[in-house]
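Only one chain is given next, in structure tokens, and it is the form predicted on its own.
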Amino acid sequence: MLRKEVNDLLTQTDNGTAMGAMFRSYWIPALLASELPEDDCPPVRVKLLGERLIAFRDSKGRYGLMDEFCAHRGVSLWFGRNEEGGLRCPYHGWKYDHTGQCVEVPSEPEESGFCGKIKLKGYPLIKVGDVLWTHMGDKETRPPEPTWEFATVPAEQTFTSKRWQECNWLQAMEGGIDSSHVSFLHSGSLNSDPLFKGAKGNKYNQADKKPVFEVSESDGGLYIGARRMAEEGHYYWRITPWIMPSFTMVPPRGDHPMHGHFWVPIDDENCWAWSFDYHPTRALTTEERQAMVDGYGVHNKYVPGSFRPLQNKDNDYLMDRDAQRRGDTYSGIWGIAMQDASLQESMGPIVDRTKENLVSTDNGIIMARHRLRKAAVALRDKGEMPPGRVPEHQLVRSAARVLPPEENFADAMKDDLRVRTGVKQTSV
């Protein structure tokens, strides 16, 4: 359990909060690049860390991310005209460039210099891979650009999606580092999902429902090892990297693409669940990419025209009790992504961690909370930058491997858990 004040510290990310300041020290995913597909395309509303923003791409291809509301009378710039190198408010014609600087106020004489005094809060927006990233913190402490492998392999080797998840970021992220639930919640999907089925490791997940956890600290976060029995007294290890504050990777299965998540706060009661699949040494097949589009693996189907899942709390996630009884799906919910999201959202917008009763399989969650709290307090009180902001912390992989009982996963799998260009993932 957590004391209420610690739970508040970890779950609150608005401006002026300790965890909000920590998230603002990283480059975080803001939009899919496909949301701003061409110069002068329509602007897009963005809400991150409790701030309402507008994103646009100007006539020269420059990306902008700034306060959503015009400095004149507070009109939402989502209604704006994206034209001739800037975004123009349709109410009285005030125009802003991609940095948020006002460049034209039609009612005022140009020689007055009035528009030069008007600037909306703006943040950088850069394209790395198929994602647009922003840094919402102090420019003086801005980290290097993201180097995550999924975002830097060739475009034909990677696929990224996002979904709106209606709960606090922390309970969503904690689901991403909890390997023990796989043997139950996802057991019906391991042999049917096209992005999971056929891997030898699936049988170890299904046969041993009492994994033993060992957690090893890394420079950027944690390596969370889940150990299950394999043949001849050997152990099947699945290692989940967690890089601060909210990057998680799912251990791979066979030659299927690797996958993982970013969990990014929208506000304290909603988050973006970013999901990616990639293969480090080959292009995704047509069938794999179509399965991702169709909502298999860590992805999902959408309400048309939105990023809200088609299965959501308003329709009880289209739960099928007959499928649950038959064992087609353990929970009666279709799809691995929504099996997770449905239960995380069922906890309420922000789970009350003073009431929980943790066990040994929750050691990864316990240690992650400790590192988050420690880093947030150090940034708040001492100005110390948190881990996970530099390339050497980001160049990690998840891995799965069968080891003899005398071998320690942190030593035996050291090379497996780092990016090695041209070398495929270590998997079972």
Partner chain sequence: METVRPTLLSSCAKAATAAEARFRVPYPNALTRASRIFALDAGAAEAMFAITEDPWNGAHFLTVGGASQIDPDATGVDDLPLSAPDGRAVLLSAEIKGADVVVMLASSDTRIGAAEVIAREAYERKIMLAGLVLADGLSKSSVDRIVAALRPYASVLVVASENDFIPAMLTALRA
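Numbering follows the first chain given and starts at 1. This structure is a prediction, so every number in the text was calculated from the model and none was measured.
Another form exists, predicted together with the partner chain; not displayed. Remarks below refer to it.
Flag K203 as yes or no: does it have a non-hydrogen atom within 4.5 angstroms of any non-hydrogen atom of the partner chain in the model of the complex? K203: no, not in contact with the partner chain in the model of the complex.
Tell me, yes or no, whether E407 is in contact with the partner chain in the model of the complex, where a contact means a heavy atom of each within 4.5 Å. Output for E407 is yes: heavy atoms within 4.5 Å of the partner chain.
Just to confirm, R45 within 4.5 Å of the partner chain in the model of the complex by heavy atoms? It does not: once the partner chain is placed as it appears in the model of the complex, R45 has no heavy atom within 4.5 Å of it.
Would you check, heavy atoms only and a 4.5 Å threshold, whether V423 touches the partner chain in the model of the complex? Although the partner chain is absent here, V423 would stay clear of it in the model of the complex, with no heavy atoms inside 4.5 Å.
Listed residue that, although the partner chain is not shown, lies within 4.5 Å of it in the model of the complex (heavy atoms), from D316, E108, D219, E287: After the contact test, the surviving option is D316.
Give me the residue from K127, H181, R227, R81 that has a heavy atom within 4.5 Å of the partner chain in the model of the complex. Looking at K127, H181, R227, R81 one by one, just R227 meets the 4.5 Å heavy-atom criterion.
Want to guess which of 348 to 356, 187 to 195, 258 to 266, 298 to 306 is within 4.5 Å of the partner chain in the model of the complex, heavy atoms only? Result for this chain: 348 to 356.
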